[in-house]
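Presented as structure tokens, the chain that follows is alone, the form predicted on its own.
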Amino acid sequence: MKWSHSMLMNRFLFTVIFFAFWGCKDEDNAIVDRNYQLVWEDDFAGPAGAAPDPAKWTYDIGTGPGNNGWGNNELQYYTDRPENVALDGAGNLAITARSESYAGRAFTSARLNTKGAFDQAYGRFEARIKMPWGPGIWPAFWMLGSNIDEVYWPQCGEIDIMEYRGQQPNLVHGSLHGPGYSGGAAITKSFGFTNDRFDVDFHVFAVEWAEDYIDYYVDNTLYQRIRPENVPGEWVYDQPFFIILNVAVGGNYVGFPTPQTPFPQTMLVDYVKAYKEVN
């Protein structure tokens, strides 16, 4: 969530179509059969309008350090108000971006994280999500290294399990940011549909992370594997990471909303789960 790579989209279009139909069938990208045990989850059960469990989630508030749109020139002010983040009463978390004047910004939304409540090195991390839609809308499900306050970004590492540009509702993107390969130099790949959209129904987005690789999934399709030898800098994925969910408005990656962008825009999250490998 720190960078713009729209210039890379054409480069990956062939890859997107290929993986959407075939997945990863070569030996190097073969699916690894691991014995996973559920260790953390939130299924967002509760009445409509209730806040998500405060024992599991905290909030990033405002416009980021230095008032710079969280390093991406994003346009929203993040809040913890129920207008922006609440349970919907049907078993989902609703993160809602709104067009409204608030604290000097023209949009509001929410960004939640598990920092200080849950982090983990290695395992499977997944969420079942239904996307919003519209130019300038930027939802994401991602993770940051828990040592970010000591070593800062990108040395802490960033695992983008799912990013989505609202103007391209048939595509999602999975990326790694680290020292020597952050921002526009991130290691990234896209997954897409030719006859479906991610705002029509829920889909499961996941990574399976081990000492020597990180695998990216949409539903049951493995579409990317990144190994230490695939990154041009230090492999920093040997420490705990925490989970983040957010919906940004605008920013380097997606551009500005347009008159055709409807508001409010809501990302629905059915669940988030984390698994640990057991012998």
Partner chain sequence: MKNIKYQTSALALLATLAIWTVISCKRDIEDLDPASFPTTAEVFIDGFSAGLNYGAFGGSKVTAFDVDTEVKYKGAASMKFAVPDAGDPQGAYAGGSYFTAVGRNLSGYDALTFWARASKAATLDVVGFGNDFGESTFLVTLEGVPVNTNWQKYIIPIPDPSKLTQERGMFFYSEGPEDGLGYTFWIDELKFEKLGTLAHPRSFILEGQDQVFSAETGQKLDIGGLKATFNLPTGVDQSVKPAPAYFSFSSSNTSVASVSSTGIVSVVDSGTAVITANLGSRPAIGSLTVNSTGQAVGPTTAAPTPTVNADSVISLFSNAYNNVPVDTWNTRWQFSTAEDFDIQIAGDDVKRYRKLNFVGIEFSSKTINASAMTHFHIDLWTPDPTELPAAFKVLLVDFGANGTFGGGDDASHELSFTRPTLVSEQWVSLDIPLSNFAGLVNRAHLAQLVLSGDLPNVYIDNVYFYNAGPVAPTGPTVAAPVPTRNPADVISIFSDTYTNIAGTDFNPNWGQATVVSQVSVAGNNTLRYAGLNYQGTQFANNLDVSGMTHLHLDFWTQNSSNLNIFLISPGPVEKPFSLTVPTSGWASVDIPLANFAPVALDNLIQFKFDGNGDIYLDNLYFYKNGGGGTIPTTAAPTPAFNAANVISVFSDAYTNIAGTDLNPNWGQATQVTQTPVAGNNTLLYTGLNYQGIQLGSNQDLSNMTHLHLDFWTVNSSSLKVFLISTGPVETPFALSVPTNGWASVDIPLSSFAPVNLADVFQFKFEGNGNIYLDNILFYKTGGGTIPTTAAPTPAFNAANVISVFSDAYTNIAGTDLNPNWGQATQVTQVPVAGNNTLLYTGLNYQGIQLGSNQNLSSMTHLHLDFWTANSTALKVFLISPGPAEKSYTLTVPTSGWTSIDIPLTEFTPAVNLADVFQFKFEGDGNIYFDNILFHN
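It should be emphasised that the depicted structure is a prediction, and the values quoted were computed from it without experimental measurement. Positions refer to the first chain, counted from 1.
Below, we turn to the form predicted together with its partner chain, even though it does not appear here.
J.: Mind telling me which stretch in 87 to 95, 104 to 112, 168 to 176, 120 to 128 gets its heavy atoms within 4.5 Å of its partner chain in the predicted bound form?
T.: Heavy-atom contact with the partner occurs in 168 to 176.
J.: For residue 196, is any heavy atom within 4.5 Å of its partner chain in the predicted bound form, or not?
T.: Yes.
J.: Please check if residue 151 has a heavy atom lying within 4.5 Å of any heavy atom of its partner chain in the predicted bound form.
T.: The answer is no: residue 151 has no heavy atom within 4.5 Å of its partner chain.
J.: So, in the predicted bound form, is residue 202 in contact with its partner chain at a 4.5 angstroms heavy atom limit?
T.: Close contact is absent here: in the predicted bound form, residue 202 is far from its partner chain, nothing within 4.5 Å, heavy atoms only.
J.: In the predicted bound form, does residue 71 come within 4.5 Å of its partner chain, counting heavy atoms only?
T.: Because no heavy atom of residue 71 falls inside 4.5 Å of its partner chain in the predicted bound form, the answer is no.
J.: Using a 4.5 Å heavy atom cutoff, which residues in 232 to 267 contact its partner chain in the predicted bound form? It's fine if the answer is none.
T.: Heavy-atom contacts to its partner chain in the predicted bound form: 260, 262.
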